[in-house]
Structures are given as C-alpha cells and as structure tokens.
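Form predicted on its own, single chain, as structure tokens, below.
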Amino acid sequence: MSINLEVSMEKLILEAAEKLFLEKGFDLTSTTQIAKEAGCNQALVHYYFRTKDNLFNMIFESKFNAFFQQVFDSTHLTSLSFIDKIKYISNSHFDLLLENPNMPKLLVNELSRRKENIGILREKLKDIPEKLFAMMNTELQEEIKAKRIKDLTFIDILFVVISLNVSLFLMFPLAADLLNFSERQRKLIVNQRKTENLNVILSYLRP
C-alpha cells in the first residue's frame, strides 16, 4: 500500500511541476509552488527529486523526446506519397502544439538559458530525425526530377512548417488577449490557421 502511495505522490509532483514549468518557466517556478500544486509539503519534493534542476531536466527531456518522436517518427509514413507525408508532418506538428501550447515558449527559453541542453538532446534524439531525413531527401530528389516540386531541401520545407506553426502559438495568445477574443473565436481562428498553414506550405513546394 505504501509503495502505491509513494508512486502516486511522485507522479503528482511530476504532473504539478510540468504544469507550472509550462505555464511559468523554470525561473518563476519554485519547489514551494510545486509542493502546493501537488498537495504535499516541500520536503517531499526534495525527497523524490533532490533539486528543482533534477525535476525540470526530467520533465524537459521527457516532453522534448515525446515531442520529437511523434513528429519525426518515420515508421508510419512509408506508405504515403511525398505530399501526403508533408501534410502528415505539418498536421502532426500543429496538433502537438495545440495539445502543448506552452511548449514552444518553454523550448526557446530553456534552450537559450542552457545551451548545453542542445547537445545533450541532439545526442539522445539523433536517430529519430536522421531516419526521416534520409527517407524524405531521397523522395524529394525524385519529386524534383519529375518537376512536381521546385528545387529545395527537406530542411527548407521543415523550416517553413515549424516557423508557420510555432509562430502562431507564440504570438496568437497575446494578440487574442489584446483583442479580447472569446474562447469560441480563438478556437475558430486556430483551426483556420491549421488549414491555411498547410496551404502555404503546399504552395511553397510548387515549381
């Protein structure tokens, strides 16, 4: 029974910390706030995770890993045409941001604050994008030769996808607050942007 309670409390602390880190970032989140959110005392946070840094690194790595794996996992793309692969990547990336709207801000802030994390994460995740890049680059060259897509690189395409999707989630919340949009208006605009972003990407590919 005590083991179950221990696992449950550890999970509650992780969930509370993730919520606060995503909302406030590392610097503005304290272990006191995490303990209050989890419904325990501060000593338990330190007992399970020792430091705020350890707790943050565990969550950051887990979220970043899941984020990249879902977007860059090529195993379910093999049967799709090149254009359908691009559609899938763009829509999957957008949906992930929709589920985790604070992730772009967290990634930008924390990778800027701790540049050493870039190398650590790159090493852990290197096999994921490499498989996708190899497959997409081969197919892209075939599309270019057939004159179905203009001469560009997969990095060019990926940059456009990420830039369009991320910019919405970085800037739209502030604009929506300033313009006092209702929740219904916000959802409608976000859904429209998903479609429009994909249209821009597909237009960008045309020769």
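Fair warning: this is a prediction, and the values are worked out from it, not measured in the lab. Don't overthink the numbering: it's just position in the shown sequence, from 1.
The discussion below concerns the form predicted together with the DNA, not included here.
Please name which of the stretches 166-174, 42-50, 56-64, 143-151 has residues with heavy atoms lying within 4.5 Å of the DNA in the predicted bound form.
Looking at the partner contacts, the answer comes out as 42-50.
Can you work out whether residue 30 and the DNA are in contact in the predicted bound form, taking contact to mean some heavy atom pair no more than 4.5 Å apart?
So residue 30 counts as contacting the DNA.
Determine whether any heavy atom of residue 198 comes within 4.5 Å of a heavy atom of the DNA in the predicted bound form, and answer yes or no.
Residue-level check for residue 198: no, no contact with the DNA.
Can any non-hydrogen atom of residue 9 be found within 4.5 angstroms of the DNA in the predicted bound form?
Although the DNA is absent here, residue 9 would touch it in the predicted bound form, with heavy atoms inside 4.5 Å.
Quick one: name the residues from 164-198 with any non-hydrogen atom within 4.5 angstroms of the DNA in the predicted bound form.
Contacting residues: none.
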